[in-house]
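Next up is one chain by itself, shown in structure tokens, the form predicted alone.
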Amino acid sequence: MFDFVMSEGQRRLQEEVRDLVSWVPRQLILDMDAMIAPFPRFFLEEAGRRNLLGLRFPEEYGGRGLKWEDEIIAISEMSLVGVPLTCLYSLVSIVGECIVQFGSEDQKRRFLVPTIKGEKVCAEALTEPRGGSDFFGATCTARREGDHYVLHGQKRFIVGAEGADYFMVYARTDPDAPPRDGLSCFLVERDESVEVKTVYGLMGARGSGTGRVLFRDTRVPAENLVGEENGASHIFYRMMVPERMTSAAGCVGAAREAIELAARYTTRRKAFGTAIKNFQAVSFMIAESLVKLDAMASLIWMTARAIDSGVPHGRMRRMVSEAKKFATEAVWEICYNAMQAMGGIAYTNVYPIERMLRDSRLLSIWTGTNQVMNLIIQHEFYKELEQQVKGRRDVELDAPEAFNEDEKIYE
């Protein structure tokens, strides 16, 4: 993020996160990518000990009561240690949003407080084997039996599943209702009826404990229902904000590092008697990447300010989707450019560019593919277009034949 727009408090927060990032052992990052590291619970415990989890949440629950403007700074810095750890860090923001906005006081005390302290690990169980984008087609079920719900079904691609103490789960509670009116949200504590399987390898973003979660008639206390029964659609729409904002913010630091790695290399690497940065074919890729980096940081910053200022929901949905789409595509292109500028050595594991490229590929797929982002962006824009804006000049009339209605044929 841009230093010149930060307050003193935000600069101090940035330094705190940088200190945590520097603390992360190099070997952990290597072992996570090799998928030989145990679930890194100690990372979350350390972040919690430093009071760097759940920054936006009220102080009475252990947060700092900050805004999105602040959290995107923290997540941007966190992304220097790679996508997997940034994901685990961001899950507290995502699941915590659900509990803060829709949970009961009891749920905030039992789940949110220990999560912010780093004492409990959370995961969001949304995607099912039958699909991710078709959220309202979920088939995981929960039926009420006395003072419990009985949860049955499975979820997959669940980041943090391996180490999670509890899951935020969407399940169908009314099979006869229209799809979006029959889902409920639960906080499900892990017990012997909850099985986590690692059933696949990953191209990138490895080591965050991603797995399939099977609920086999799991008994969930009724007090763990979040919000109203069959009211999960309201929660789902709200959760799109933290899911996509954390995804977008997590691109900034990584993109900056990829550019700097490539710039340093091309400054030292020589060919034809000169540093290869002196060839425009190389340096122009750095320039193109810098434009993308600053554009993504600007869009994310303005989106954070828009959320903090309480813009209408439709505008917020559009801006959050734009930020997620633009940032996740830009970081992929920036890592690609870095590899292209550095040449064959960047394809090896001598430099981390190859890992960063693999990691970044995930970002335009998860939390809604970027094609889904396009769907939301155009949908919300067309709705905005229908609203009359008083005092705005009608540019359509600034044409010589503007009033020639016979030529304005629409059907």
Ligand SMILES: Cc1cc2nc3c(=O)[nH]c(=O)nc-3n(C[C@H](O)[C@H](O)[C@H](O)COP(=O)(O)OP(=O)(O)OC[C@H]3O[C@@H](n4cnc5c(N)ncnc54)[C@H](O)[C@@H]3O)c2cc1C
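Each form is matched to the other, and the largest set of C-alpha atoms that superpose within 1.5 Å is called the rigid core. Residue positions are given as counts along the sequence shown, with the first one as 1. If you're wondering where the values come from, they're calculated on a predicted model, not measured in any experiment.
Unshown form predicted in complex with this ligand; subsequent notes refer to it.
- The closest non-hydrogen atom of residue 107 lies beyond 4.5 Å of this ligand in the predicted complex.
- At a distance threshold of 4.5 angstroms between non-hydrogen atoms, residue 35 is out of contact with this ligand in the predicted complex.
- Using a 4.5 angstroms limit between non-hydrogen atoms, residue 156 touches this ligand in the predicted complex.
- In the predicted complex, at least one heavy atom of residue 366 sits within 4.5 Å of this ligand.
- By the 4.5 Å heavy atom rule, the three marked residues 127, 362 and 375 all count as contacting this ligand in the predicted complex.
- Checking 252-260, 299-307, 127-135, 191-199 against this ligand in the predicted complex, the stretch whose residues place heavy atoms within 4.5 Å of it is 127-135.
- Shown without its partner, this chain lists 283, 233, 224, 210 as candidates; in the predicted complex, only 210 has a non-hydrogen atom within 4.5 angstroms of this ligand.
- Relative to the superposed rigid core, the position of the CA of residue 203 differs between this form and the one not shown by less than 2 Å.
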